[in-house]
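One chain follows as structure tokens, the form predicted on its own.
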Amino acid sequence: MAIITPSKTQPAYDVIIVGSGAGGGQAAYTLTLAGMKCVMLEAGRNYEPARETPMFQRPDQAPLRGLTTPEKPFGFYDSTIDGGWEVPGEPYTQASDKREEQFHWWRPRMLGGRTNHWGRISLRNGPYDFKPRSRDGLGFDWPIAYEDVDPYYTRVEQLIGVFGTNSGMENTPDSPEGVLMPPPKGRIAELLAQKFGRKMGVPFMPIHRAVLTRQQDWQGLPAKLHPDNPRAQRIVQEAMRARAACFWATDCGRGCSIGANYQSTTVHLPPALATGDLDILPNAHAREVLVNAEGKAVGVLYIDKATGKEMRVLGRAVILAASSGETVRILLNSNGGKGVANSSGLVGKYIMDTVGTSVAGQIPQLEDCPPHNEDGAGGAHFYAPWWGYKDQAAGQLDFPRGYHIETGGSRRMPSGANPVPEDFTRGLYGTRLKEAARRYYGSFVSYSCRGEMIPNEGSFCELDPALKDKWGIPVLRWHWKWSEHELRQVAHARKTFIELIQSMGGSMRSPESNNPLEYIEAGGKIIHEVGGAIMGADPKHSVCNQWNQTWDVKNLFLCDGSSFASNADKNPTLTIMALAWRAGDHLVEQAKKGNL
């Protein structure tokens, strides 16, 4: 079993997995190592990081010196080979023409999905994050608690490799001793933020990111991950041995040819394929879940993009892990457009994204630094977890949930754009231009809010009543709304960032504004959409149960972010993987009992 074409599929599989990113990759890993035969449908083409990652090319060696284009919105060297904000032949629509009511949908079309391009920030949800309604009366509680997910967080961290330190901070869970890898040193701008943030009570510290800072313990970890499965241990040992520690060669957004960072394509899929129990169908665009007269899922109808023909694959169970929006679209288009798993009427409802805003500044203290290399691990080394729980409990803040701070700055490899803003070099040429560039390069910083959005009834997606994609499948229409909770949150963040920059003696580089709607990032722009098929304890008020299993179709599981009942300020990918592993274990157990 391997990467195949539609003509090579088996008559039936144990499990059909739609999507190959964090959730789909983890599901394939868990199930195949348990001996289940799976097929994975991926809407994009095959992608091989070891062969296709431009690890050592400089920006000046790329077209337009690596700058962004509509086809490459994150730059020429970004690992997203197909897809993005716009996908040819696969449109989506907006219910409103107001900027603040629109949702921007990022869709990669490639094996590994979004795991090839992401910040690799791997934060655990805390106890508060699973029971938010019980704390402040807003949103929804999950039907599970932190203790239910804790052991799976540990397993995922051990499998993918996460660096960082334990903080001991409120609602910022620590990992067991020895699980986290040593973090890289802070860059100059990050150390400066730590120094001045401490005076403001803002705790900058090493972040948790899925990048190997040393080779994994390939001899010991597999036995911990699969204690009663010698076959799985042997396979995982070989997969871990194949990964090397990061040597700071390139930005993680390019992917990683040596497997130092986490991508589904280098961590989850190789051991799953090595079992011989996984077939992968690239260019297979899932259209709908096939359900029989008894209400059980029996297969998936998909479009073979190579021929444009409708095809089907059959299985005893189905896992949708196509991203929240795409999973919702598949559910709504199923059963001849009548939908499946939607007796609650909540499929598509309560879509959430991470709340974002950023402020940039120029810091005179960072001028004229000696030439040095601060490329580092391809992303932030430091961040600040939310520190305001006590202030909120005391009624001193006007918003209920928190945000963490991500940092930018320091001297990294310049892109094709001018590394110094033009107002600092305008009118200069020759020696004076070079002197100004050396003086100011590396003196610019930025701080970004990544906060919790509370689900609301105005943020959802539905099938567009008229428009279809190139294959005749109805597309999604998006509705979006920010509440006062999010607007007050970004106002607090902006005020904090300005105060931090000014405390350093710096000046703000972002436009002034008193209107949060002008500086809050648009919905979807953080690329963290979750929800749309939320889990709960009651089938009347949720789509999934505590195992990511749909109430209406017992052998249909949702293993991406669609089942999230809330969207904490922690980036969602680690939680997606932990829940997918947990759901996979449950599926295996139920299959052994004959309940599928």
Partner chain sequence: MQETSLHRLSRRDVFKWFAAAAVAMSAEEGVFAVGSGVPNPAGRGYGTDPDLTRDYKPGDIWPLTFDAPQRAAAAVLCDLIFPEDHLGPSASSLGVPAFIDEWISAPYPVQSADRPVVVEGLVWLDAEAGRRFKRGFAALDEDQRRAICDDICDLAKASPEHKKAARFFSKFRSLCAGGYFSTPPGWKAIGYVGNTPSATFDGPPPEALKKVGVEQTVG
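Given the structure is predicted, the values throughout are model-derived calculations rather than measurements. Positions refer to the first chain, counted from 1.
Absent from the display: the form predicted in complex with its partner chain. The rest refers to it.
Not one of A380, F497 and M508 is positioned with any heavy atom within 4.5 Å of its partner chain in the predicted complex. Checked against its partner chain in the predicted complex, the candidates S134, S96, S503, N418 yield a single residue with a heavy atom inside 4.5 Å, and that residue is N418. Between the options K470, R241, K195, K309, the residue in contact with its partner chain in the predicted complex by a heavy atom within 4.5 angstroms is K195.
Using a 4.5 Å cutoff between non-hydrogen atoms, R65 counts as a contact of its partner chain in the predicted complex. Its partner chain is not shown here, but in the predicted complex it comes within 4.5 Å of a heavy atom of Y77. In the predicted complex, its partner chain lies farther than 4.5 Å from every heavy atom of N283.
Taking non-hydrogen atoms only, C369 approaches its partner chain to within 4.5 angstroms in the predicted complex. Contact with its partner chain in the predicted complex, defined as any heavy atom within 4.5 Å, is confined among 122 to 130, 456 to 464, 427 to 435, 489 to 497 to 427 to 435.
Contacts to its partner chain in the predicted complex (heavy atom within 4.5 Å) from stretch 173 to 212: P183, P184, K185, G186, R187, I188, L191, L192, Q194, K195, R198, P206.
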